[in-house]
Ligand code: PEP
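Just one chain is shown here, as structure tokens, and it is the form predicted on its own.
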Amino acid sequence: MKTLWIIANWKSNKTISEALDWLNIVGPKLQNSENLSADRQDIKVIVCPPFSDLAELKKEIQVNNYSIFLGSQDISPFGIGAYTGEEPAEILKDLVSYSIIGHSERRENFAETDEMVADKFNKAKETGAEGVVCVQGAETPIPEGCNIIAYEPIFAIGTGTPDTPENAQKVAEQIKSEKPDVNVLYGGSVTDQNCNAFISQKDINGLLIGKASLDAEEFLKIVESCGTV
């Protein structure tokens, strides 16, 4: 059975109190329900909240021993120093195990280039964090050493119009033809209604979930569906 990665990307949403409410709905059910098999070794649940929520969520996860990993939505291409507003890997390493890098919204809104994505990935790698590199197609450059790739077609981000599972499989297959050991995730208008069709594809190893991850109950439905594959 392949490992499935279920990543919640909250984007610029949720105050600390809202984040803790979500965590305390999802966390216990992941641990206590046989139907939600997220505590199995073959499913990894990762939550990527705003930077301001990370420290409190880290404490809550540790205190309650929830089967959830933390990730950041971005990471600085620079180290510690005079870089106002940046979040360096050397500081984030105490809070997160994963970092989303090169999301299409950052490429569009902040003019991130493939070179910047590679720099961020390398910074994360230096401190032991796993970079989840977002690509818009099989032709998007992938940094050397990347183990987790999220295919997120631009037309599907926040539109309610996902790619087809069959086309997502073709992209994943293309990527794996050159990098056979990587995990390819699908992201873009994922819901509890369509998630199973994506993760059932041979070369798709999980999901990067945006809007649907904000609702705790819908997110649990997605995890439950993934646990039955």
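Note that residue numbering begins at 1 and tracks the sequence as displayed. Since the structure is predicted, the reported quantities are computational estimates derived from the model, not experimental observations.
One more form of this protein, predicted in complex with the named molecule, exists but is not displayed; see below.
J.: In the predicted bound form, do H103, G158 and I209 all reach within 4.5 Å of the named molecule through at least one heavy atom apiece?
T.: Looking in the predicted bound form, the three residues H103, G158 and I209 all sit within 4.5 Å of the named molecule (heavy atoms).
J.: Counting only non-hydrogen atoms, which stretch in 189 to 197, 163 to 171, 50 to 58, 176 to 184 is within 4.5 Å of the named molecule in the predicted bound form?
T.: Residues of 189 to 197 come within 4.5 Å of the partner.
J.: Spell out, yes or no, whether the shortest heavy atom distance between K221 and the named molecule in the predicted bound form is within 4.5 Å.
T.: No, K221 stays farther than 4.5 Å from the named molecule in the predicted bound form.
J.: For the stretch 127 to 154, which residues lie within 4.5 Å of the named molecule in the predicted bound form by non-hydrogen atom distance?
T.: Just E152.
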